[in-house]
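Coming up is one lone chain in structure tokens, specifically the form predicted on its own.
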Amino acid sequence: MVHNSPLNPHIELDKKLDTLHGVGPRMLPKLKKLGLNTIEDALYHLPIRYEDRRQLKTINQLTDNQQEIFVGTVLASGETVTSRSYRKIYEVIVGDSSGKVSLKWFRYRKPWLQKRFPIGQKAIFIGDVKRFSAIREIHHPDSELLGDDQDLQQLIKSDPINFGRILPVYSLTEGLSQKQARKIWYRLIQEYADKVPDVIPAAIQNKYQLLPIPLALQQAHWPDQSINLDELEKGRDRGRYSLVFDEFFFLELGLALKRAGVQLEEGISFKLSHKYTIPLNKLLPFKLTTAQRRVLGEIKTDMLSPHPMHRLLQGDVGSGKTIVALMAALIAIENQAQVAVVAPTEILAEQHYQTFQRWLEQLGLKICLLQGNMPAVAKRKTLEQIAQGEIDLVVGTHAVLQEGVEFHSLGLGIIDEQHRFGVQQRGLLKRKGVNPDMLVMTATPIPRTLSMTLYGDLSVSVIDQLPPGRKPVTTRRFSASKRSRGYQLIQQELRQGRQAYVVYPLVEESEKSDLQAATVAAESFTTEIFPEFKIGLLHGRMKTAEKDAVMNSFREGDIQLLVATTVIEVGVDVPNATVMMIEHADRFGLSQLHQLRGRVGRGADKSYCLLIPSDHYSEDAARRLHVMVQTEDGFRIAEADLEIRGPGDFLGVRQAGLPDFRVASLLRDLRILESARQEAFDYVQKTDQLNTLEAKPVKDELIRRWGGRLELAAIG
């Protein structure tokens, strides 16, 4: 394949798909359904698997449980009835000189099949071979009819796209067949693959034996005869390896530049006066753990340096991140700077506000809570106080990031539960000040694979120690029929003056779902199951004031049992709560289950997490529940979650800042990621942040791909 680079290849790649021959007004909407709008989108829509049509087998050579391709002649054809379900099926017996095989259709148009497969018709058949006792069957095979005198080699010559080679199999949508798709992608590769720029430096290409990107795309869609099918199926062929490396290399270049930018930017060099940190230390009713002190030391070093801090603080549920963040906030406030704390939910923002207010008021400092639904007069007054520097610490939801919120001198931005925010939200908060320090916190332990892609531009600190006195939470799984045993445990705890949560995945009964809803459960708890106790209900559709009232009543012990949806997933802190019962636990992801379990075990009493799955649940759900019962280690749980669910939904929210990779898989391609990351970071350093003449094509391609997504506008 010719590998050229026109002056502006992206004009070609940005073309709409209807410029491609064969994509008309009827086909275009089908491709759009697959998320494909431009030529470039389609080039990177790679096959999901492959079919080997290089050789045709005889019937006695067919392998059970594999997709096979063979020639046969129709020996018998007609409708028949299954002996088990008395369901009508259409059966065609085909044979060759070596044996026979049964082809079956369970959904069919009888006249069409009768016309297509008369006795004596010769055809090529493709399908998955199944064996039932001595009989081989293929259900709903693909077929290509042959004329009596038609030679197989002639067919291969007349239709080289579909025969005599390894064929791509694409993910499809309704109304688009594999045959149509192959025709489209064959033309696409022929006409446009060589328009894709190939700008990874030659030295790196040679070191890793990377194919030029146009050739890699050609091999991924239409592999050479010589390619090993097993390697191809596993994504280990050179074509896909080269495309994966390319994708990771450009992402990591962006992250390397962001980190370098942070190191080059002039930030605030804070001084330590201990005006507020030492008094706070004396006020605290506990001592910081060794891990908290170590992490605080790392944060202090960053804050004292002349460059902006960009640090990720990871700590498992209940490890004491909040108090570390407060200490960091006080260092900024000692230097006459303001601090903004952004949380993903109103409940969590409210809780941070109450925690911080308790300490800050004793230190004579001013704090405010900024939420989207504040009364206009109160909001205007709060915004004025923030702009004039009268407020030392602002706690809020996304409202803090909105236009109109101006700080007098923002010195530190703290984002809690970072997985709920993307990279761009970090950028928005950063622009509220002049290169303020940034501290990003998460209680969702993140496997190294993910943190390299999600937070590659951040330094990482981990609080890997729980405060003394924290007891492990005993986790048990009960089948739905044994739910009453869970109720007995809850009753026992409530009678001893403690509190409990029961969590449901839905808010109200849904016609489409068999889930028992939180609203119905709260009623039955009140009237039948726990009539002697005060029951509360908390869900996402309630107004803020209602939610606050319920949560405060629960915190103060007026409500003994809180029935809730996942609005309580993060941050809710009620030390007296000792039981967390999760209904339909199979419907939750592992990280979510771990977060929910973290709502108990926050006091000195023994705590329990009870998992009640639905009557029928998947194998993946069973694995998740098994992991929960086996371990409380957040990082082990995170690794298992990544393995089970894949990175796409690992963080619960797909748009959480995790890039949507076109080719790469974080599970399959970790080694390639590590190599690409090392090369990208080295290249940024070697080329003075991509500012050499040699690096210009790389820099241009980086801005095109990731500029907006990674907040890289400054490097343009």
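Residues carry their position along the shown sequence, with the first being 1. What you see is a predicted model, and the numbers here were worked out from it, not measured in a lab.
Quick note: we don't show the form predicted in complex with a small molecule, though the next part is all about it.
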_For a quick test of understanding: in the predicted complex, does each of Phe286, Ser319 and Asp573 have a heavy atom within 4.5 Å of the small molecule?_
yes
_Only one of 557 to 565, 295 to 303, 544 to 552, 321 to 329 has heavy atoms within 4.5 Å of the small molecule in the predicted complex; I'd like to know which._
321 to 329
*Looking in the predicted complex, any heavy atom of His221 within 4.5 Å of the small molecule?*
no
*Check whether Arg602 has any heavy atom within 4.5 Å of a heavy atom of the small molecule in the predicted complex, and answer yes or no.*
yes
*Does the small molecule get within 4.5 angstroms of any non-hydrogen atom of Pro467 in the predicted complex?*
yes
